[in-house]
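We begin with a single chain expressed as C-alpha cells, specifically the form predicted on its own.
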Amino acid sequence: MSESGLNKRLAQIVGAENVSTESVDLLCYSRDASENVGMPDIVVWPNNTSQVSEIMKLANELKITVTPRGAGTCLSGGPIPTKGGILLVMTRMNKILEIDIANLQVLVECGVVWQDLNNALTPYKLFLPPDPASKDACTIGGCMAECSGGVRAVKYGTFRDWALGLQVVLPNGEIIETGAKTRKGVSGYDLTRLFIGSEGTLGVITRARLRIFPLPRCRLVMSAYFDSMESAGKAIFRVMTSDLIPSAAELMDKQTVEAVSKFMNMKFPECIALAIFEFDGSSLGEVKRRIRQARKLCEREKATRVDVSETVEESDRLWRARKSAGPALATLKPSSMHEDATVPTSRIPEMLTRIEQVAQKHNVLIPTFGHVGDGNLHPIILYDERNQDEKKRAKAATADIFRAAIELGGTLSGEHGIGLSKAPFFSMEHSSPETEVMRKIKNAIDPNNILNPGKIWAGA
C-alpha cells in the first residue's frame, strides 16, 4: 500500500488530525532518552482502545511494523522504530477511570502520567509507591512495558508488584483482559506478568489496574558521607541487612556529587561517596529510632559525616538533587550511555570497585549513582560521539560493566529494560534454550513480527 493510502486508512480510524508524516514529527519521535535513533514512517495518536485495535488489525494485515511509545523517557531504546512503520504514541489515552478506595486500587489508561495519578491520590492520603526519576513525564503504560522501579523500589518493589491486571491489544488486534480485581489469583497462566517488562514486543498495554497504598505519615532522610566507595558500599549493605527497612537507599559518587552541586547550586561536604537513606512509617518516634540505628551503622563503616533532614523541604531538596544526577552529568560530556547493571546487594562493594577499574582500563569517565539498596547501580559512561576513539572505548567499557555484573551473579538491567542498547549483550545473561523459549512466545503471539521488532535480543 502506498504511503498516502496508509495515511488515509489510519485517518479513517483516528481522524486526520491524529496522523502525521511531517518531518518535524518524525524527527521528534525518532529518539528516546538513550543514545539510539530510528525514524518512523508515520506517527499516530490513538484516543481509545478500539482505535488501537483497529490500527493493529490494519498493520497485521499489511505486515507493517508498529512501535508503541509513551513519554519517550526510556533509557534503552525501547520506543525507537527499527524498521520505520507506525509509531503509536499513547499519551492521549490519559484518563484516570476509577479510584476504588474500598479496595485500594485504581484503573487508569496507559497514557496517564505517574505524577498526575499520585496528585489525584493525595487527597485520599494514598499513593502508587514505585517512583521513577522521570515521574513528572513518564506514563503508566511505559512504566509497565519496562517494569520501572525508582528510588523506593527497595522497600515497595517495582511496577510488577503493584499490577493487578492489564488491558492489552495483541498484534492481530484482539483485545484481552489479564489478571483480576482481587489481590490474589492463580487462575491460569500469569499473563499480567508476561506483558509487564515485555517492552511492547507482545502487545500494546492500553489500561492498567493497580494496587495503591496509604501514604506514610512520617518520612525522614539521612545523608552519610564517606571517603571511599568501598566504605559506602559496606555501610549500605549493613543497613540493608538490618531490620531497619529503609524505603530508599541511594548512592552518588564524587563525580556525581560535584556535578549535582554545580547543577543545583547546592553545597555538599567533601566526599568520595554520598549515601542517602529514607525511612518512613506511621510514627515519628519509630522512624527516628531507625534513623539513629542507621547512623551508628554508617559511623562504624567510617562515615566522615552524617546529616538528618529535619524538615520536608530539606528532604525534598535532597531528593531533587539525587534525581537531577542524570541531567547534571550530561553537562560534562555531550554523549552518554545510562546503564543499570544490577547485582545482589552483598556484591555491591565489589561491583563498585569493578566499575572504577573499568573506567581506568578504558580511560573514560564513569560516574556512578543509583538504587544500591537493591543492588541497582547506574554507571553513566560519558563520552563525545564525535571522537571515534573515545566512542569505541566507551562501548568497550559498557561491555565490561555488563560482564562484571553477570560474573557477580547480577543482571543486565534492573529497571531500564533491554531495548536496543543491551540487545547485543543479551546472550551474556541468557542461554540459547532460555532465549529460544522467549522467541517461541514472541512467535506465537506475533507471528508476523510487526510489534516493536529488533528489541531485547539482537536480530529480533
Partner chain sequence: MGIKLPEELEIEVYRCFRCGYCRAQCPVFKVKQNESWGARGRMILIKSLIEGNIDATSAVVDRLYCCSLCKACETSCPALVRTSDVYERVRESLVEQKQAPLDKHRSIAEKILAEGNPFGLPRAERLSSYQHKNPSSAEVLYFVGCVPSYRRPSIVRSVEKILAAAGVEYTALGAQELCCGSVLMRTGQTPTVKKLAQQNTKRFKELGVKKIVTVCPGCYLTLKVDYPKFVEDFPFEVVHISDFINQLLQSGKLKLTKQVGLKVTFHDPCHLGRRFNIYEPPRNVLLSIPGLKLVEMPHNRENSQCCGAGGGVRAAFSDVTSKIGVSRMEEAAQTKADLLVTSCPFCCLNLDEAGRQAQLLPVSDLTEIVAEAL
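Computed from a prediction, not measured in an experiment: that's the story for all the values here. Residue numbers count along the first chain shown, from 1.
Form predicted in complex with its partner chain: not shown, discussed below.
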Quiz prompt | Contact label in the predicted bound form: residue 33 to its partner chain, heavy atom within 4.5 Å | solution = yes
Quiz item: Is there a non-hydrogen atom of residue 62 within 4.5 angstroms of a non-hydrogen atom of its partner chain in the predicted bound form?
Solution: no
Exercise. Classify residue 223 as contacting or not contacting its partner chain in the predicted bound form by the rule of any non-hydrogen atom within 4.5 angstroms, answering yes or no.
Key: no
Quiz item: Could you tell me if residue 422 has a non-hydrogen atom within 4.5 Å of its partner chain in the predicted bound form?
Solution: no
Practice problem: Could you tell me which one of 181, 300, 292, 92 places a heavy atom within 4.5 Å of its partner chain in the predicted bound form? | Solution: 92
Exercise. Report the residue, out of 214, 334, 269, 185, that has at least one non-hydrogen atom within 4.5 angstroms of its partner chain in the predicted bound form.
Key: 334
Quiz item: Taking the partner as it appears in the predicted bound form, which of 325 to 333, 344 to 352, 245 to 253, 284 to 292 has residues with heavy atoms within 4.5 Å of its partner chain?
Solution: 325 to 333
Quiz item: Even though its partner chain is not shown here, does it sit in the predicted bound form so that 121, 155 and 218 each have a heavy atom within 4.5 Å?
Solution: no
Quiz item: Can you name the residues of 259 to 281 that have a non-hydrogen atom within 4.5 angstroms of its partner chain in the predicted bound form?
Solution: 263
